[in-house]
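Here you get one chain, nothing else, as structure tokens; it is the form predicted on its own.
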């Protein structure tokens, strides 16, 4: 049975650290594996993309492979034919499947029936590649610590769920600041809290969340597929905007992260996103490096 990444919790803590080590070595060009040489990768997109598509296609090429961009109109996953049948067919053609879609169940069903690795490029539930790349950015920018203080401000969405998944595996002081009815999935909260080495807190006070924090993280208030709720989300989440005033409460050497695309002037101000503490574009670059490491790991384990 091939290894897949449907969520971060598909990996062990040791394997997460192995992926980080691989990523660092690839980025420094200490190693340049060609684990996809002579193979193609089906890249299925039912959601539009900038970073996911380009970073995966470049990464696949650098691993020696060939990326095939497949749109929802072409594949109609689960409609034109079952997800299971599509998984079985694609496995005969390609060496790996990456999918960016709405339903987590589609990713999990692909992984169940495919005979090649599946990589989750994003679902409404989780965004594992993003958060692994984000934590790599933390490791690069901040001094080594057993447990970083990470403050997430905004909607309890797939990004928040993925931070909680990572906190369930590695030590983390994770503070989630959001409105009472915008909290992340309670299952993810409970799982993270079971890791005795992590500290997980939710608050409606953004100042409390950022106090002494090493990392300030935010995301758009209304995710893709929720744009009809944009006005309601903005009303509820406006107090959680990441701005220079809020940043003063964090550690002076704290970094600011945003998974992009950003709605500047809403969840984050220009002066912060373009300021000296922003690592947003280093973070975006690391999508390439971490995804190469993930694909290589899955193909070789």
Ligand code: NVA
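Numbering follows the first chain given and starts at 1. Keep in mind the model is a prediction, meaning the values are calculated, not measured.
We do not show the form predicted together with this ligand, though everything after this point is about it.
With this ligand omitted here, the record of contacts in the model of the complex names 214-222 of 69-77, 135-143, 87-95, 214-222, defined by a heavy atom within 4.5 Å. Interface residue among 118, 122, 151, 167, judged by heavy atoms within 4.5 Å of this ligand in the model of the complex: 122. Proximity to this ligand in the model of the complex, taken as a non-hydrogen atom within 4.5 angstroms, holds for one residue of 259, 42, 60, 250, which is 259.
Contact check for residue 159: a non-hydrogen atom falls within 4.5 Å of this ligand in the model of the complex.
In the model of the complex, none of the heavy atoms of residue 175 sits within 4.5 Å of a heavy atom of this ligand. With contact defined as any non-hydrogen atom lying within 4.5 angstroms of this ligand in the model of the complex, the stretch 178-208 contains no contacting residue.
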